[in-house]
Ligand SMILES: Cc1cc2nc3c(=O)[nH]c(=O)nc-3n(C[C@H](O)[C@H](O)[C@H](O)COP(=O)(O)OP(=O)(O)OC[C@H]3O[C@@H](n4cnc5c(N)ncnc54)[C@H](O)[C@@H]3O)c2cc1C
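Listed next as structure tokens is one chain, alone, in the form predicted on its own.
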């Protein structure tokens, strides 16, 4: 993966170097900010108002035709973890959006608190985890949230509470704050997560680090971590598991060009070495179609697909 130093702006940057699937087209402009203030100044200084904010690119597919907009990468830039309160009952930390979720899990466990262990299984940043309410093994990101700091495309910061959002399974939406509305609507302005205050409980028996080791061992045993992938491709349908449906339909090993439904975990699509973004997207479509035909269930993608198709 290409590493860009904070403060660098590149033109025609290959997004295949910045997404975990290792496939996809070019971004017309690609920027890694120095810090929050630099991000603010960069956004305010741009004439355009459309940006794509990414972290580790672990839940993202960029089509082969690329992106005519600017990509902003928070990983390597918004990377601070700060302890705000630490007492015998509770730990409150502020974590910036570019911090990898597994780092939060390890940091909280080392401090002697629990509740972040599941984050060791999230292969992305805190910003991405907040945006989609990422989770695994029975817990989700917003279970830990006290409040968040966001920024909109005009470069304005907002402090938000949990009550400002509608949060569900792999779903987070900002409500309209207008008090006169009988039914909450969704805020029309796009905002990015810059940081979050997260809270965790005391771990007197220091079980957190043991739980993290067990979780990581389970991941190694059940997921194709040795091949480029984007984690779970589809959301679990109500009352079931996407992987079970895909396996039931006999789709493990199904291929489209260099993309393949993993033999190890049916809800993973891996890049076997030369997959294009089109290969991956076409395979996603084929899996959806087969599961719908055989099981009568439409699987919804968990991954975000952006950019232009070739031709």
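No experiment lies behind these values; they were computed from the predicted model shown. Positions refer to the first chain, counted from 1.
Although not depicted, the form predicted in complex with this ligand is the subject of the following passage.
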(message) Quick check on this chain: which one of 131, 212, 174, 144 has a heavy atom within 4.5 Å of this ligand in the predicted bound form?
(response) 131
(message) Given a 4.5 Å cut-off on heavy atoms, tell me which of 106-114, 191-199, 79-87, 235-243 is the interface stretch with this ligand in the predicted bound form.
(response) 191-199
(message) Even though the partner isn't displayed, in the predicted bound form is residue 92 close enough to this ligand, meaning a heavy atom within 4.5 Å?
(response) no
(message) I'd like to know if residue 230 sits close to this ligand in the predicted bound form, meaning any non-hydrogen atom pair within 4.5 angstroms.
(response) yes
(request) Answer with yes or no whether residue 53 is in contact with this ligand in the predicted bound form, where contact means some heavy atom within 4.5 Å. (result) yes
(request) May I ask you to check whether residue 170 falls inside a 4.5 Å heavy atom distance of this ligand in the predicted bound form? (result) yes
(message) For the stretch 106-140, I need every residue with any heavy atom inside 4.5 Å of this ligand in the predicted bound form, listed N to C.
(response) 121, 122, 123, 124, 125, 127, 128, 129, 131, 132, 134, 135, 136
